[in-house]
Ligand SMILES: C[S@@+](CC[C@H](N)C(=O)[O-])C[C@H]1O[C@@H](n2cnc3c(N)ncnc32)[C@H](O)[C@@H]1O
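Listed next as structure tokens is one chain, alone, in the form predicted on its own.
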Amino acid sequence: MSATSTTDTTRAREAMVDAIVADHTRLGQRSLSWAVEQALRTVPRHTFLPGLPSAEAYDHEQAVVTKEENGLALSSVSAPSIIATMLHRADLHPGQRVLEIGSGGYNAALIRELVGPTGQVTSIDIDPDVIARAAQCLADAAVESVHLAVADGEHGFAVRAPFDRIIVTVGAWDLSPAWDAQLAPDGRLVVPMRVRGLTRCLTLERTAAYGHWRALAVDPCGFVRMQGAGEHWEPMPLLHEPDGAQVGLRLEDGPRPDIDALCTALNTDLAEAWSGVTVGAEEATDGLDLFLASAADGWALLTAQRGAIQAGLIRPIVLTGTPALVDTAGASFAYRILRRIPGQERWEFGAVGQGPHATRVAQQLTDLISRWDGDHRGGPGPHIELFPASTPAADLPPGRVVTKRHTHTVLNWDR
């Protein structure tokens, strides 16, 4: 590599870290730990993304897909901003033993930098191609002493347990019992978890009770889905099927409505309701999304392809999942929309309802938005706890209970 290119990548890396540090300050988060900041400034991310221009390799918000199949991302190098947050939350120290589930090489190199020569880094992935790629990239970056293995993340990696930290870098649906068994008693688990279809990075520690976890932090994130024994796909019936103009509902942990009735509802007249709640162009809405998912019994996520929008069939905010509400009667639904406040860089939240009860369900959705605005906006977010699936319902605390194969997840906004 020439001196010029070395200088360019160094400058790009410094600019990336500066942007991440600035974002932490702007978003009101704790300052990024000095150790994580220095690791990010040290490890050459471009080496793990060969052929990518420096500007893209060091874009702090850009995840890069490294393997896909039929348009579905199977592996990626995560965005530096979420990597930084997860490493910060993990609170890594020299000498610790760390398991990374979902390999790519770059994150493992950062972990190696943080735990030092006396620490232990194990990085596993279910895909042999991913492990082979990670091995080559680690060698190119001259990073040693990372143990790579092909393994199903659902089962952890018992032969090198116990671990002081487990960091999951794929989207999980549930908390595997193997992770619990392989984590040291005072260990910490950082995992992107799907909760009612929304992915949130949970920083988890055990309480004194067996199998009971509490979330120390909840951060928005996005990851490719876990494969193997822990893989889970939510129902997503289509309300409109033509290719390029599909409209669907993601119904993870949500209602089981009359799909034929909702297909009919999609072609009925619209009813609008407006909340009076506004948001600025740079304000995040992840807190509102999670509140709606917690509060609404008929919670769903509306998906739409661009052809459906261009045809005037639907007008969601987010193509891959706009917050929606299915009426208890099952024949109507509403989804969130925005309209700009004239002369301002602010937008008002509203809802479009469709079906025989369109007006009612649209008003229900805007009432929930108003409730979030009045009671929880700017607050700490929900208190999240995980309990073994064997826990009787009577022994669970109040809140929205999401039941999965291994756990009950309880979200409580009033504690």
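In case it trips you up, residue 1 is the first one in the sequence shown, and so on. Predicted, not measured: the structure shown is a model, and the values here were computed from it.
This next part talks about the form predicted together with the named molecule, which is not shown.
- For the named molecule in the predicted complex, the listed stretch (256-264, 180-188, 99-107, 306-314) containing residues with heavy atoms inside 4.5 Å is 99-107.
- The named molecule is not shown here, but in the predicted complex it comes within 4.5 Å of a heavy atom of V77.
- Although the partner is absent here, D327 lies well away from the named molecule in the predicted complex, with no heavy atom inside 4.5 Å.
- Using a 4.5 angstroms limit between non-hydrogen atoms, H93 is distant from the named molecule in the predicted complex.
- Using a 4.5 Å cutoff between non-hydrogen atoms, D127 counts as a contact of the named molecule in the predicted complex.
- For the options L249, I166, M226, L202, the one in contact with the named molecule in the predicted complex, meaning a heavy atom within 4.5 Å, is M226.
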